[in-house]
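A single chain, nothing else alongside it, follows as structure tokens in the form predicted alone.
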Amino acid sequence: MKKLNALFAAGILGLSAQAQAAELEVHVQNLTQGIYFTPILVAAHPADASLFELGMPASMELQAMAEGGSIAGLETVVDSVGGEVGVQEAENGLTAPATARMFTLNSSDTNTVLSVTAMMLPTNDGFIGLDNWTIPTEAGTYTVYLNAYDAGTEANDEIRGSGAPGEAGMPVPPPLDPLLGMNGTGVTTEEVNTTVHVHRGNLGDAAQDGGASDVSNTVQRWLNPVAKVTVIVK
């Protein structure tokens, strides 16, 4: 009898876990005029884990994403806590202004929150972020708007650079190269706030050659929100 009760209880727990699991379709849309997003990380994971936290120093993995666009380290973090990374419907390239990317993944009784990150270009260490958003258990379509955040790991000098963590300057992949100025002297060499915080935005200038910034003040500035996330729970 005890064995039967144990089997019955295990069956109920299994049904409960299945009932809480849900298939998700996640769309991330770029709402800006002139900013590009690097490869986007969409992940479902346990609520006691976090990819970033406002007011706290950035992890090495977050720094690599925010300064150079690499999501490999954050994917490893998600995997280490038993989370699931979304599968993208198209190749993992840049997301241009006014375009969107779609991802599919599953929530579960343990992976109950959704996080989203991607570097914003051109910036030094700016990124779009969704931190531990509770995944609804009821089927439907849900919308979340994302702000731009600063990782606090690099001075916002707004000049061309390698994009490697710890090195000054912004990475400039081919689509952005003709859109940026050159030979800027740098907007600043230091940042007072070295924790993850709301980004102040690009300042830019109107000089195509020289000036303080290599960013255009008429094209690559933004106001929050910078991205729209649509979550379809099936």
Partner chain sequence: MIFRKSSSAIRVFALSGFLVALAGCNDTVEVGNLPEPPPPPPPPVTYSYEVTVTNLTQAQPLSPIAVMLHGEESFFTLGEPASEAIEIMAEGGDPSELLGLDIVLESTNGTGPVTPGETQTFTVSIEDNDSANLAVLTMLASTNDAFSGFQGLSLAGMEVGDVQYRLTNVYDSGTEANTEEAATLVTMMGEGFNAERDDVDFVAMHPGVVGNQDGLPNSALTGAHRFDNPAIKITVTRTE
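Here the structure is a predicted model, which means the values were calculated and not measured. Residue numbers count along the first chain shown, from 1.
We do not show the form predicted in complex with its partner chain, though everything after this point is about it.
Peer 1: With its partner chain left out of view, choose which of Ala49, Leu203, Met182, Met56 has a non-hydrogen atom within 4.5 angstroms of it in the predicted bound form.
Peer 2: By the 4.5 Å criterion, the partner-contacting residue is Leu203.
Peer 1: Given that the partner is absent here, does Asn30 sit within 4.5 Å of its partner chain in the predicted bound form, heavy atoms only?
Peer 2: Because a heavy atom of Asn30 falls inside 4.5 Å of its partner chain in the predicted bound form, the answer is yes.
Peer 1: Would Pro225 sit within 4.5 Å of its partner chain in the predicted bound form, counting heavy atoms only?
Peer 2: Within the cut-off, so yes.
Peer 1: I'd like to check something about Ala139: if you look in the predicted bound form, is any of its heavy atoms closer than or equal to 4.5 Å to a heavy atom of its partner chain?
Peer 2: Close contact is absent here: in the predicted bound form, Ala139 is far from its partner chain, nothing within 4.5 Å, heavy atoms only.
Peer 1: Is Gly93 one of the residues lying within 4.5 Å of its partner chain in the predicted bound form, judged by heavy atom distances?
Peer 2: Contact with its partner chain, no.
Peer 1: Would you mind picking out the stretch of 40-48, 56-64, 163-171, 22-30 that comes within 4.5 angstroms of its partner chain in the predicted bound form, counting non-hydrogen atoms?
Peer 2: Answer to the contact question: 22-30.
Peer 1: For a quick test of understanding: in the predicted bound form, does each of Ala98, Thr218 and Arg221 have a heavy atom within 4.5 Å of its partner chain?
Peer 2: Affirmative, all three are within 4.5 Å.
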